[in-house]
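What follows is a single chain, given as structure tokens, in the form predicted alone.
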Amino acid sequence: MDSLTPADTGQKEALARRYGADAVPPAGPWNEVIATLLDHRSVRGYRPDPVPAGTLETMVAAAQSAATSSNMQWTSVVAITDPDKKKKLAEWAGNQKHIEQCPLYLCWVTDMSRNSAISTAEKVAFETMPWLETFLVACVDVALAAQNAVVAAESIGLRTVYIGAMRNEPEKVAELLGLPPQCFVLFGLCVGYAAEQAVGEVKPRMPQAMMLHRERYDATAAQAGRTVHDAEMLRFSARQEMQAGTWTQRVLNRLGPIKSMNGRERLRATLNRMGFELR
């Protein structure tokens, strides 16, 4: 039997970290890009060191290289380094201190104002603008762009964490950032070098059998996979000293009580006040 090369060993270790030893999928092609992707983890503690010069522009270039539906380019990003602004944003996000700690905080904006301005300038009514489909496509564009930026940042040794809690107080955030109507911050992103104690582990994901379907959706593996995933998450949570042990418990905690939405259950009405007509 052939011995494993260092690359083979690294690949198997990366897959085991991501899925747990009981759910490692078959190994396939491998390179540094894939290794970076599988090493992703959310980091919630940062050193004060600034990011290297040009990092922001490189991340934006990566973001703008993501797919964008029909080249509509619905994404804007507001870069925040001012401590006072980061402090306010942290407070509105439930006092997430890592927003204050990180040297670079990015607010990713679903920006429909820029294309709406073309309607006014060219005197052409944009009949598709108010529909949910258009809004959904714009939000997808932003997510794709941001994830490209995350991969770029992590490939050069930086760490990140998304902050969905920007949607807790979207009107306050928009006012702070000076956003025009038809713009709102879909999520934030902390960027910086991880504090030593905050690096953490790669968080396990569900077995591929629960997510990957071939030719036709098949739910038969869901319960067996959930049992395996719950066991792996329980071990992970114990190592990380987290209260919610299993994946099932996390789902129950997040989707069960309406209070877990932290005000986001009012998002549709808020978006309407911000100039979005969702039909």
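We number the residues from 1 along the sequence you see. Quick caveat: nothing in here was measured; it's all calculated off a predicted structure.
Separately, the form predicted together with a further copy of the same chain exists; it is not shown, and the next lines address it.
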### Query
Hey, in the model of the complex, does residue 21 get a heavy atom within 4.5 angstroms of a further copy of the same chain?
no
### Query
Does a further copy of the same chain come within 4.5 Å of any heavy atom of residue 178 in the model of the complex?
yes
### Task
Verify the contact flag for residue 48: yes if a non-hydrogen atom of it lies within 4.5 Å of a non-hydrogen atom of a further copy of the same chain in the model of the complex, no if not.
no
### Task
Would you check, heavy atoms only and a 4.5 Å threshold, whether residue 241 touches a further copy of the same chain in the model of the complex?
no
### Message
Checking a candidate spot here: are 125, 134 and 278 all in contact with a further copy of the same chain in the model of the complex (at least one heavy atom each within 4.5 Å)?
### Response
yes
### Members of 126-157 lying within 4.5 angstroms of a further copy of the same chain, judged by heavy atom, in the model of the complex
126, 127, 128, 129, 131, 132, 133, 134, 135, 136, 137, 139, 140, 143, 144, 147, 148, 151, 152, 155, 156
